[in-house]
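A lone chain, given as structure tokens: the form predicted on its own.
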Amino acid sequence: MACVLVHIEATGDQPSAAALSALGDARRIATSLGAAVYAAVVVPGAPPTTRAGRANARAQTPRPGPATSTGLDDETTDRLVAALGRAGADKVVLIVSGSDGPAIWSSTGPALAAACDHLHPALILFPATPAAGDIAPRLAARLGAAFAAHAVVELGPRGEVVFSRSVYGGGYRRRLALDDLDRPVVVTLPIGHALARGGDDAELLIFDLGADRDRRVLAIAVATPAPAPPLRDARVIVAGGAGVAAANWPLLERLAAALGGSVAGTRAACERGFISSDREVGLGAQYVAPVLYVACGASGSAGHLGAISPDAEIVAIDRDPDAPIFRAASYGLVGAIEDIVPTLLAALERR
């Protein structure tokens, strides 16, 4: 195998928690296959504008040039490389994109695809984030690669790498063995898995391959993020569904505060205006990987449960004892939200 490449979303010298989770999976896969792990970070910069400049721009250097070449100064670059090396990367690739926009295909994809053409990775991994939902399938199409969305990494009976994902509304699982394919594979992975441990001596490569952003897409506004922490980083989530009345949502907020967690909602709750759409958990919204997930008044649809990490401990609260959520929950409480949640809050206060 040539290499395993992981797309890393980073702010300055800080890789995201979701990216480090995917890097941990990459390290374990690469170790079993005897392959190298490349952590690819797309950074803003100014690519050459002339054909001659582009031909000379391809570079693999041990250190970055001036700060304007990658948008990162030497100190920031050193810290980023060290962080990714400790998380399992053998090589860190800074890919100059020519754009500092959000991580979507138009700003990130062309540069990432150009780097893949140069490195020829056999496996390309993304954490299952909103950015990956836009970039990963387009990258697979651009490379002529196979694509598996939100797949769990497993080992087959012969030690081969297998990607398993739910299909047909969660009723079945499809397994895709890496050895059975004769083309690269692009995979988005659930977040929240254990991190890997590596050294801090990862090799630094800088690629400026002259890949411009897609000029057909124009950013006209940037939404102000909610004051609450991102759901993808939350260790405790209290989620409300259609079974929670509007008057009872403050109870969920109090429970989340008592547990040190964040509040989320299902699609039905967001559509009814109980909570903003950026707090929706679902296959069409965002994936989460908390340690504890408290589902209140959520029936347990496949679209909702499919966006929760299989490692999460689910506690379900619902007045319907036959709700599907109880089949996925580790603990179930049958009753009304307005009766059960105050009791839980009183117990937490006593502790």
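All figures in this text were calculated on a predicted structure; none of them were measured in a lab. The first residue of the sequence shown is number 1, and the count goes up from there. For clarity, a rigid core is taken as the largest C-alpha set superposing within 1.5 Å between two forms.
Separately, the form predicted in complex with a small molecule exists; it is not shown, and the next lines address it.
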- Message: I'd like to know whether G303 contacts the small molecule in the model of the complex, with contact meaning heavy atoms within 4.5 angstroms.
- Response: yes
- Message: Can you tell me whether V236 touches the small molecule? I mean in the model of the complex, with a 4.5 angstroms heavy atom cut-off.
- Response: no
- Task: State yes or no: in the model of the complex, is some non-hydrogen atom of V96 no more than 4.5 angstroms from a non-hydrogen atom of the small molecule?
- Result: no
- Query: If you check in the model of the complex, is E280 within 4.5 Å of the small molecule, heavy atoms only?
  - Reply: yes
- Residue among G133, P121, G241, G88 with a heavy atom within 4.5 Å of the small molecule in the model of the complex: G241
- Answer range among 241-249, 76-84, 158-166, 122-130 for contact with the small molecule, defined in the model of the complex as heavy atoms within 4.5 Å: 241-249
- Message: After core superposition, I'd like to know whether A336 moves between the shown form and the other one (criterion: C-alpha shift of 2 angstroms or more).
- Response: yes
- Message: Given a core-based superposition, decide whether the C-alpha of A39 shifts by 2 Å or more between the shown form and the other one.
- Response: no
- Could you tell me whether the Cα atom of Q286 shifts by at least 2 Å between the shown form and the other one after core superposition? no
